[in-house]
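In the structure tokens that follow, the same protein chain appears in two forms, which are kept apart as structure 1 and structure 2.
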Structure 1
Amino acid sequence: MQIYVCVKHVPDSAANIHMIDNRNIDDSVPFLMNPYDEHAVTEAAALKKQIPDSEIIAVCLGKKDAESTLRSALAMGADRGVLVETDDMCDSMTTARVLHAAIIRDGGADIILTGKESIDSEGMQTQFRIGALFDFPVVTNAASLEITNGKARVGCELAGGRTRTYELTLPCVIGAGRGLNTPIYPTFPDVVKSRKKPIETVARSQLNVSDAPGSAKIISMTPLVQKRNPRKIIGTPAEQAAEIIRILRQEAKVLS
């Protein structure tokens, strides 16, 4: 089985991210693998243990330094990587077209795993666009996965704590949610071994991907500014409690 995992190189959400203008951040901050993609790679490694002769190929679209994210995927169990190198900022339409072309060029997939979204753009579209280009069925926010008799049985988490189970024919595309597994965190020997695994670098221009008829571009970004107005509450403990309840009911409106 050919298992492709699409991973994204994103800024570390725990880092102190600075904007250099209204469209770009300072990209000297630490970058890492998109956290949802960690679940996708972990599930791919689990599938490989279940299905003999499987191969895991991690695919990434990004700048040259995105190779570090592919190395992380290799340390977590992927067999090899493909980096489609570009300096352009790509929307979900272009990203899907490029990943689709890269997978076809590499040989074709039996199953494609992605994260359910990326923590930087939060578009939640790429997996659906990849599925449409391949004409593969797609589900997202997967919390369970079982492959039997050429079909994937996938449990997906919905809003309000509900779940829904789907049966998909293979090949298919699955967006991994946090409930799918606990990500593998590689050991030092895993990291050392990953350095010997191959990564093929392909320029985006080599794939001859035509531009999408539509596009989405970032016009501007504005940092989130949280305004707080501290207020001193005085009086007896009972008076302070009553004032807090009044504020929650009448001002914050979080209590009825």
Structure 2
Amino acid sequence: MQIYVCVKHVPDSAANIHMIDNRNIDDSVPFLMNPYDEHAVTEAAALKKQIPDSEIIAVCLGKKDAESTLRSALAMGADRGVLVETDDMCDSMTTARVLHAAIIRDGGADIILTGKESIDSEGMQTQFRIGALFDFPVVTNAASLEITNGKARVGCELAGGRTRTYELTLPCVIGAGRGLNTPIYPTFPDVVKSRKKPIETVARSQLNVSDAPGSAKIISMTPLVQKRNPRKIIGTPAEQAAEIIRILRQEAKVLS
């Protein structure tokens, strides 16, 4: 099986984000692989164990430094990496077109794994757009995956413990959720081995990507700091509880 995994290079979730102007963030913070994409790579490695002559190709659209995220994917079990290099901020319509073109240029996919969303742009849609461009079926927020006889049986999480189970024909696109697995933490030998694995860099202009019929562009951005002024609720636990109930009833008016 040819397994493609889309991995995005995003600011570390623990980093404080600062602005340099009203549109761009200070990108001197550490960048890592998008957390959901770690689940996608981990699942790809599990599939390869199950279907031994598979190849895992990690694909990323990003700046030159995004190579480190591809390196992480290689350390986690991917065989090769493809970096489509661009300095532009791409919206999901363009990103999907580029990833689609990069996968076609590289070969044919039996399965494409992505994360359910990226934690920087929070688009939640690139996987569906890739699927539509290929005309492959798509599911998102996968929590279980089983492949038998050319079909994928996928359990997806909705919310509140609800799930939906799908059967997809291959090739298909699957957006990994956190319930899918526990991400691999590469060992030191894995990291050393991954240094020998190839990463091909392609300029975005080298791919023949047609313009999307629409776009989404950030026009301004502001930090969401909500300064709150805490008031103390003091007293015995019983007094504190009574005050909480009073606030819920009289101030927030959410309790009858």
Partner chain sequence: MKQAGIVIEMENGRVKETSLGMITLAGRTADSLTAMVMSGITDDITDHLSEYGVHTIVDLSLPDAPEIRRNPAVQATAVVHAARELKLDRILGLSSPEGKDLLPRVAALLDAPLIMDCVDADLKTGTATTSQYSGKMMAKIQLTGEILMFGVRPNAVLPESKPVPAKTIAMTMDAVVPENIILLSRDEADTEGRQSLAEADIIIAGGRGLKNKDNFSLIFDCAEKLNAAPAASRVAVDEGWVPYAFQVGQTGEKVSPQVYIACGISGSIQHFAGMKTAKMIIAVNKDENTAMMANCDYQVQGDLFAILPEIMRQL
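Please note that residue numbering is based on structure 1, beginning with 1 at the start of its sequence. Only the largest set of C-alpha atoms that superpose within 1.5 Å between the two forms is called the rigid core. Predicted, not measured: the structure shown is a model, and the values here were computed from it.
As for origin, structure 2 is the form predicted in complex with its partner chain and structure 1 is not. Comparing the forms between structure 1 and structure 2, the C-alpha position of Q240 differs by 2 angstroms or more, with the core used for superposition. The shift recorded for the CA atom of R249 between structure 1 and structure 2 is 3.0 Å, with superposition on the rigid core.
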